[in-house]
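Consider the single chain below, provided in structure tokens and representing the form predicted on its own.
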Amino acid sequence: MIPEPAYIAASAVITLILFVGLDLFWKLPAHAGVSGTETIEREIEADGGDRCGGWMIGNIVTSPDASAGTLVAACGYWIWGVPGGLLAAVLIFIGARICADKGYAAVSGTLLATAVFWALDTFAGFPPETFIAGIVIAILIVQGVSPKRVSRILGKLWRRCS
């Protein structure tokens, strides 16, 4: 049996790959998606960060995106299993409408995260609460470590993927 800190660390890596991959797939670094994103991007770029990475960070901060969808899916799955994850997708869809965001990344992130959490819980024995801790750590890595450096990494990822 893997100790719980190892599950949390693995969940952080898995959720980080999941939401960053979905944000890249839905092209969040291509432009500002919602109000407030350009302000965050300008601040990050003025601090020496990357414009595309700044847009992606701005989208993460200002609207429901794949990271928010993954976090809410983790909470929903922990509370009620797969039905909780599906209910989370409905709540994220409504939240995206309130923010006047298309919400593709958020809703797909919620649904994909629920499927990944179910598979890891069922077949690999990941305790559901480790997904909550893991996605919080993953979001803190992107938002809290160094927006300038993270934006550069996200910008490089975006240019390689696009």
Partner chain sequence: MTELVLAICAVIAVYAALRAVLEKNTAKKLPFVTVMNFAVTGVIALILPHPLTLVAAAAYLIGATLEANAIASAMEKLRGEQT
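The structure presented is a predicted model; accordingly, all values stated were derived computationally and were not measured. Residue numbers count along the first chain shown, from 1.
Beyond what is shown, the protein has a form predicted in complex with the partner chain; the following relates to that form.
| field | Whether L24, G53 and L111 all lie within 4.5 angstroms of the partner chain in the predicted complex by heavy atom | value | No residue of the spot touches the partner chain in the predicted complex.
| message | Quick check on T39: any heavy atom within 4.5 Å of the partner chain in the predicted complex? | response | Contact check for T39: yes, within 4.5 Å of the partner chain in the predicted complex.
| field | the partner chain contact in the predicted complex: D121, any heavy atom under 4.5 Å | value | Flag for D121 set to no.
| message | Using a 4.5 angstroms cut-off on non-hydrogen atoms, would A10 count as touching the partner chain in the predicted complex? | response | Outside the cut-off, so no.
| I132 within 4.5 Å of the partner chain in the predicted complex, heavy atoms | Contact check for I132: yes, within 4.5 Å of the partner chain in the predicted complex.
| query | Taking the partner chain in the predicted complex, which residues along 136-162 bring a heavy atom to within 4.5 Å of it? | reply | Residues within 4.5 Å: V136, I137, I139, L140, Q143, G144, V145, P147.
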